[in-house]
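Okay, so here's just one chain, in structure tokens, the form predicted alone.
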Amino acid sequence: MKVFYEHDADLRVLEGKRIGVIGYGNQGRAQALNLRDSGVSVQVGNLEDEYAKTARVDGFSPVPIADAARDADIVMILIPDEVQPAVFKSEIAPHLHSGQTLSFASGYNVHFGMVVPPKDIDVIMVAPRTIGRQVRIAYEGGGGVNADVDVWQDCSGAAWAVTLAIAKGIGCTRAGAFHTSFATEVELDLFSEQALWPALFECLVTAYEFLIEKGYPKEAVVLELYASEEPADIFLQMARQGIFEQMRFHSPTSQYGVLSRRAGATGGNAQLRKRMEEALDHIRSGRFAAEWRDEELAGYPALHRLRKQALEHPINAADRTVRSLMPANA
């Protein structure tokens, strides 16, 4: 896999070009600020809402999305996946013209055919591999975060140069920008969200319920399972040292306990793989994209119900109790 670093990208490619950042939310704010601090001309396109107010506080003068799409040389679509098709159709596509570049932070809508870009513009992807807040924090600290990058359509012959220049402006080439196709980016992202993280969440919640039933104090359970930040530290060291190499930082008792009980921890490898196979098939077939589109069109009834159920679980009360006992909240 090709990985691009600082020396592979040239910010001068963006000289004299205006970047229209569509959406000033999670990724939009971070990427707009990083690009501006890198010396790039940025225009924010956003609805007149709280995000627009934040953009003004940050020194931008937000304009309607249609104006930003029309006036930009590079249009960066950084609004949520599920609203992109409608916004693209009504506010962006009618104002695009030959020679522009359309940039996405996810392969989702292009890969699943929900956004079909014109044939006479460049279509690229610069997808930071973490939340927008961390994209900004890392940049301000002199570092950066990894990103997936790809070119879907290269009409100008300069699409890759622009892709890498944007990645550099955001700070991603400081950490490494990985050449990953639109399809691979979105399918792996959805797989993590629908196969890996649900299993981890269910393990934590089930462990909480089980230990409370056995009479352990709820505060001690929450602290042990995640509130102490030990799991966060373990994941951080997995990223830095390797999934098993990080175990060197644990006691021999911990290492033996984890490794000797790993095989049967999830009900068996075959059962786990079956669940993953089903999740991946649902993603790759496009059925999940269709399901999520229908959910958005219906006003998110299932999402609201699922959020309500999650927030009503007793573990939330234990969360609040533990946080109230922490020094920062005392």
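Just so it is clear, the structure is predicted and the values come from calculations on it, not from any experiment. Don't overthink the numbering: it's just position in the shown sequence, from 1.
Here the subject shifts to the form predicted in complex with a small molecule, a form of this protein not shown in this document.
**Student:** Of Q100, T180, S106, Q194, which residue is found within 4.5 angstroms of the small molecule in the model of the complex when only non-hydrogen atoms are counted?
**Tutor:** The option sitting close enough to the partner is S106.
**Student:** Using heavy atoms only and a 4.5 Å cut-off, determine which of T184, Q237, S228, T130 is in contact with the small molecule in the model of the complex.
**Tutor:** That would be T130.
**Student:** Decide if the three candidate residues Y24, I65 and V87 all line the small molecule in the model of the complex, where lining means a heavy atom within 4.5 Å.
**Tutor:** Yes, all three are in contact.
**Student:** Thinking of the small molecule in the model of the complex, which stretch from 172 to 180, 211 to 219, 76 to 84, 237 to 245 has heavy atoms inside 4.5 Å of it?
**Tutor:** Stretch with heavy atoms near the partner: 76 to 84.
**Student:** Considering non-hydrogen atoms and a 4.5 Å limit, does the small molecule approach L272 in the model of the complex?
**Tutor:** No, L272 stays farther than 4.5 Å from the small molecule in the model of the complex.
**Student:** Would Y51 count as a contact of the small molecule in the model of the complex, using a 4.5 angstroms cut-off between non-hydrogen atoms?
**Tutor:** Yes - in the model of the complex, heavy atoms of Y51 and the small molecule come within 4.5 Å of each other.
**Student:** At the 4.5 Å heavy atom threshold, is N46 in contact with the small molecule in the model of the complex?
**Tutor:** Answer yes; at least one heavy atom of N46 falls within 4.5 Å of the small molecule in the model of the complex.
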